[in-house]
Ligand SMILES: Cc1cc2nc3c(=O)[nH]c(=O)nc-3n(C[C@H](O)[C@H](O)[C@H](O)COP(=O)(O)OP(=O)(O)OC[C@H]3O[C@@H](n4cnc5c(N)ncnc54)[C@H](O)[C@@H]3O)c2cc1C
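Only one chain is shown below, in structure tokens, and it's the form predicted alone.
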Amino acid sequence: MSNKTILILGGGVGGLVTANELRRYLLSQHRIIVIDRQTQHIHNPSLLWLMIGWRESSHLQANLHQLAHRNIEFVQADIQVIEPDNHRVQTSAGEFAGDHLVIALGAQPAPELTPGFVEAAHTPYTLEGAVQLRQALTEFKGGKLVVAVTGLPYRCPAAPYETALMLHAYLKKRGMRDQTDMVMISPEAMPMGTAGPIMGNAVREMLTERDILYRPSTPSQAIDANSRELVLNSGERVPFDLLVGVPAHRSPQVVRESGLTNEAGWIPVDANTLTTRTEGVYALGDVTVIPLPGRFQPDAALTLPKAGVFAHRQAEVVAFNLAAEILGRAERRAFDGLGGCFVELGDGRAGYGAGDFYDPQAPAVTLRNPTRYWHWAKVLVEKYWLWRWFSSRFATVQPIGDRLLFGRTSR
């Protein structure tokens, strides 16, 4: 068995899990290299807690150089060119080539796609944005608060609605909810539309119960920073005292230039194996596009949501199949479209939605009633995540290889 090199582009959820799972299966003779332009891995689900002061920035970050504890190489560099046919990348730190290539570069917020967004809106979708929004909230004295999805697609289907629900609870605790009119505006036909009608209707009811005016199927085109108005496609102008925006996301430019993407800039992959049209190249997580079979919204072709839970489960499949191929085994696994996420309310409770996104009729996702149990479950997931993937105590000393993959060892 010859030594192999696996290049993993991206140190987010998908890249992190792929690298760690591969190292569990493969001995150190095989190189695993993670390349990312940032040194810090950010636990994105905690950004909304940062927004309202429940977390500090340091609580939700970990340094990717800690992967060295697990015999995983990390390279901080800008990826400048991806050559999929050669399994090679050009970076600011030089050229890297491998036997296999895994692209997990995610989806990037693109506020510049909406004129006026950068000047007038706050967003919890980045670390810097969440910190700035936190400060803006402390200075907010009431008035018109608008939460707006300004473009599609975006990362994490629950987050915009969690934002509105958590801001309601935040203002209520500060005694300012009665002095604030809240509006939720989105181009989507229903909340979390890709999760199916059961989930969508449940979230819509939560907004209604909290007197948050919900305006679905309402796309916007710009933000007038001078007049402090959100300009809708219809020409209507919605005034605001504080605008919390969810920008459209797009793939990194280097991905769009790789020759692997569709016209929209996302990488089509096999829905079960995450293989691309180029042999030896996988893509997973938010950078991909996977059409869903069900059509429950008229004239809407839905795709798998861009969410960390799917990147995680896809990474497990990719790592298993790659290791099996390297070890010369026939066994393979398939990603099944199952997934779930928490819906935080901001009052010490959370709901949990989960189900089958590959259901042939429509995503079969239901929301479990909000309770304190689900809130604390989310807290535990946050703590476990950073410990599981970064703690030196969990470092892989001896890979278990075939014993884990196939129930025996042939070495």
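Numbers for residues come from their place in the sequence shown, where the first is 1. Predicted model only: the values in this text are computed from it and were never measured.
Omitted here: the form predicted in complex with the ligand. The next part is about that form.
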* Asked: Are all three of Leu105, Pro252 and Ala307 close to the ligand in the predicted bound form, meaning a heavy atom of each within 4.5 Å?
  -> yes
* To do: Consider Pro45 of the chain shown here, and say whether it contacts the ligand in the predicted bound form, taking contact as heavy atoms within 4.5 Å.
  => yes
* Asked: With the partner left out of view, is Arg333 within 4.5 angstroms of the ligand in the predicted bound form by any non-hydrogen atom?
  -> no
* Gln38: touches the ligand in the predicted bound form, heavy atom cutoff 4.5 angstroms -> yes
* **Heavy atom of Tyr125 within 4.5 Å of the ligand in the predicted bound form** => yes
* Structure fact -> None of Ala323, Ile223, Val281, Cys156 but one has a heavy atom within 4.5 Å of the ligand in the predicted bound form; the exception is Cys156
* Structure fact -> Only one of 172-180, 142-150, 252-260, 110-118 sits within 4.5 Å of the ligand in the predicted bound form by heavy atom distance, namely 252-260
* Structure fact -> Checked 5-34 against the ligand in the predicted bound form; residues with a heavy atom within 4.5 Å, sequence order, are Gly10, Gly11, Gly12, Val13, Gly14, Gly15
